[in-house]
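Only one chain is shown below, in structure tokens, and it's the form predicted alone.
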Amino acid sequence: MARRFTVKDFFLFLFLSLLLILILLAMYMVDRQWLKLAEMERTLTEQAQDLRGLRDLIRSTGSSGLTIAPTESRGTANIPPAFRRAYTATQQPDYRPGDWLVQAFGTGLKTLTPLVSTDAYAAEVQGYVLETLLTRNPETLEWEGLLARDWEVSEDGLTFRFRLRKGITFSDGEPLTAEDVAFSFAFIMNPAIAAPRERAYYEKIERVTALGPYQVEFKFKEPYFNSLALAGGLTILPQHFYGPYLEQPESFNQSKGLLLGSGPYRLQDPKGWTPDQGLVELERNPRYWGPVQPSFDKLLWKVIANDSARLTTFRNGDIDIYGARPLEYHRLLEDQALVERTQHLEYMSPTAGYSYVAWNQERDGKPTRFADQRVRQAMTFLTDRASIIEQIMLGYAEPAVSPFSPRSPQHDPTLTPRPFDLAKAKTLLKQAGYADRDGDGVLEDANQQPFRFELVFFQDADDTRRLVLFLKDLYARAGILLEPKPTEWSVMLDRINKKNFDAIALGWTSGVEIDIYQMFHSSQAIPGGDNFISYRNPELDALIEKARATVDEGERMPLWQACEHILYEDQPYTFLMRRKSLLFVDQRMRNLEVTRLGLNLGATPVEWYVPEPEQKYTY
């Protein structure tokens, strides 16, 4: 006979349930206590390490006259130029350190490890952790010392000597010296390290030598127009942290989160970040050497791939910045509630990058249909950029002619964007051997193969998706079949590295004066290189080399413009447009400014802050 569930059973069940809950609560509290203890232990260990370092430094300096902290006085007049903008922010009446800056990435990161990472998101995070010898003033565009106190250049322009500031440490407490600078160069140039892009940048440097603890010399092989930027922009990696990976380079090349530097922020675990965490979190570097400390306690990036979800998160106040697409930006400006609680900015940065469609000219070792210059020119004539900017970008963009910004002296203003010209495109395609041979409206080549190709693009970029569909219709008018290929970001990177695509829609960042060697020089059509379309033009190669070797700006600019003319004719990319930045920023963020380098978000030292009454996160 079945036993009935009695009142006694009920109270027994209730008692056991309460006991189980109490046990779980106790385990949770114990776990929290262990975490707190671990954090306290880490802090005490760091403090003890700092004290030992301090004692060692005092003993080592003896009567040599060295000082312990940065050599500059903390007085207002002696704030180094690189820190003056940030210092001015700290003098605002409502300035208070604290709070978090929370942002969102549109794609997940594959790795945060410097040199191994290739995307702009990783570079953004690294910019807060790693530092360089010099930094560029966003107003004057002049170079200013960051890790370097000062520098000198030899008369022949081949030798640069930098004097480092004293008392700088990496975030783990180890001192930063000239040996770390020399190591950083040697590490990049080691062929076992997966850094072909960076090696292409630094191949002009013959050697980097530590002349003493605080002096380092860069010796160039030949004159190079961008020598100071190249040497001063070298990211300084700690030898004691990255050096051991030279014994097992593959462990470095395949790593996901090896990130440690001297910057104002740090990863709590500099070896432990992995992509599956779904976010990146940086904490304030308690050992930061700068005379102006970073304002935010924490920097947090959440991965929110979907545009709608990202906007909803911003509306809810869970992220502080939202980069809008033109159509939604236009609509959001009519949302009074959103406009009142945010600041909105629309600007064309002089360093705005450009978007493009790249035509792969070699696949599986064989030339593709895009190896023919006439075909590439035809594709550009078919790409109606004026309509794209008007209908998709709502006017928040300008057509791109080349990799050079129209506001840069590298650009020849006589070159204008090619207009949409269907007849011209058909003529070029006919000259290249394409015709509708079977009357189905589709062009075929001499081997009866239809002109069909895949256009790879990032699947979560709505504007790009609309653009690709727009191009599909345009190209169909000429008898060309475009097959859209929406792709995950990580898969896109793999395709690029393997050159496994017909055409791909992408964008490059830009600058005041850029070096196009990596993207368009024949030597960079190598696995892992940035000339991933295997474009080759010996005449352009020679001009690029000559421009790079010309220090005098008056002589160099005509060379860059000659390069631009070749790219204009060759059309290795169909250069699409430069987009305006369209941002909404939470109202509590202060000290936003559009500079000659763009918005001062991401500037190091950090210039944004939140007044105390509006801070909402505690560390």
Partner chain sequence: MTRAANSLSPPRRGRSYAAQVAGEVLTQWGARLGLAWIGLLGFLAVFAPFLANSHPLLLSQDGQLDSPLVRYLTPADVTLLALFFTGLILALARASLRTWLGGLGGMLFLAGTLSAALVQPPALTIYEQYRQQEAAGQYDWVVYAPIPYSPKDYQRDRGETGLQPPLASPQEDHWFGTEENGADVLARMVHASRIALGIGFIATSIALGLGILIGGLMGYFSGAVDIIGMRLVEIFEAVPTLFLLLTFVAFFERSLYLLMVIIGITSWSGYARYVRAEFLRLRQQDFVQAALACGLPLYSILFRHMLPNGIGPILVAASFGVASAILAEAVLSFLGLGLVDDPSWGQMLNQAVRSSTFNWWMAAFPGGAIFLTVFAYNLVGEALRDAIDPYLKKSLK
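Between two forms, the rigid core is defined as the largest C-alpha subset superposing within 1.5 Å. Positions refer to the first chain, counted from 1. What you are looking at is a predicted structure, and each value in this text was computed from that prediction instead of being measured.
The protein also exists as the form predicted in complex with the partner chain; that form is not presented, and the subsequent description refers to it.
J.: Thinking of Ala178, Pro238 and Phe252 as the candidate spot, does the partner chain come within 4.5 Å of a heavy atom on all of them in the predicted complex?
T.: No, none of the three is in contact.
J.: Which one, Ala432, Val512, Ile321, Val442, lies within 4.5 Å of the partner chain in the predicted complex by heavy atoms?
T.: Of Ala432, Val512, Ile321, Val442, the residue with a heavy atom within 4.5 Å of the partner chain in the predicted complex is Val442.
J.: Just give me the single entry in Asp150, Asp473, Asp94, Asp269 that has a non-hydrogen atom within 4.5 angstroms of the partner chain in the predicted complex.
T.: Looking at Asp150, Asp473, Asp94, Asp269 one by one, just Asp473 meets the 4.5 Å heavy-atom criterion.
J.: Tell me the stretch among 282-290, 390-398, 120-128, 81-89 that has any heavy atom within 4.5 angstroms of the partner chain in the predicted complex.
T.: So the stretch in question is 390-398.
J.: May I ask you to check whether Gly243 falls inside a 4.5 Å heavy atom distance of the partner chain in the predicted complex?
T.: Judged by the heavy-atom cut-off of 4.5 Å, Gly243 is well away from the partner chain in the predicted complex.
J.: Can you check whether Lys298 is within 4.5 Å of the partner chain in the predicted complex, heavy atom basis?
T.: So Lys298 does not count as contacting the partner chain.
J.: If we define contact as a non-hydrogen atom of the residue within 4.5 angstroms of the partner, is Arg477 a contact of the partner chain in the predicted complex?
T.: Yes - in the predicted complex, heavy atoms of Arg477 and the partner chain come within 4.5 Å of each other.
J.: Is Thr140 near the partner chain? Define near as a heavy atom within 4.5 Å, in the predicted complex.
T.: No.
J.: Going by the partner chain in the predicted complex, which residues of 461-499 come within 4.5 Å of it through any heavy atom?
T.: If the 4.5 Å heavy-atom criterion is applied to the partner chain in the predicted complex, 461-499 yields Asp462, Arg465, Arg466, Leu469, Phe470, Lys472, Asp473, Ala476, Arg477, Gly479, Ile480, Leu481, Pro484, Lys485, Pro486, Glu488, Val491.
J.: Relative to the superposed rigid core, does Asp462 relocate between this form and the one not shown - that is, does its Cα move 2 Å or more?
T.: Yes, Asp462 moves 2 Å or more.
J.: Val491: with the rigid core matched between this form and the one not shown, does its Cα shift 2 Å or more?
T.: Val491: C-alpha displaced by 2 Å or more between this form and the one not shown.
J.: With both forms fitted on the core, give yes or no for whether the Cα of Leu422 moves by 2 angstroms or more between this form and the one not shown.
T.: Yes, the C-alpha position differs by at least 2 Å between this form and the one not shown.
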